[in-house]
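Just one chain follows, in the form predicted alone, and it is written as structure tokens.
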């Protein structure tokens, strides 16, 4: 069960419309950063910032491949299936851990 800090961090990562769109776009199909930039209409630095947060939260997987034809390293992203549940049991566990 996540700690209060871990749960808050995941919720903070999810509380951004662009990051939610990235997760949706990568749910059924692996996407390259170029595809994501074009589909979202955002800059590369902004995309990298969002992707870093999603990968660190383990909500997005990254696969690195070498494109021999173009001689470049490509990154492909795929959403990890996840479920966020905040019920009485989770809150009770957070309370118990915070009192230790």
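Numbering follows the first chain given and starts at 1. Just so it is clear, the model here is predicted, and its values are computed rather than measured.
Separately, the form predicted together with a further copy of the same chain exists; it is not shown, and the next lines address it.
- Proximity to a further copy of the same chain in the predicted complex holds for all of 7, 12 and 23, with the criterion being a heavy atom within 4.5 Å.
- Shown alone here, residue 48 lies farther than 4.5 Å from a further copy of the same chain in the predicted complex, counting heavy atoms only.
- Although the partner is absent here, residue 66 is not a contact residue: none of its heavy atoms lies within 4.5 angstroms of a further copy of the same chain in the predicted complex.
- Shown alone here, residue 55 lies farther than 4.5 Å from a further copy of the same chain in the predicted complex, counting heavy atoms only.
- a further copy of the same chain in the predicted complex comes within 4.5 Å of no heavy atom belonging to residue 1.
- In sequence order, 79, 82, 83, 84, 85, 86, 87, 88, 91, 92 are the residues of 63-93 having a heavy atom within 4.5 Å of a further copy of the same chain in the predicted complex; the partner itself is omitted from this view.
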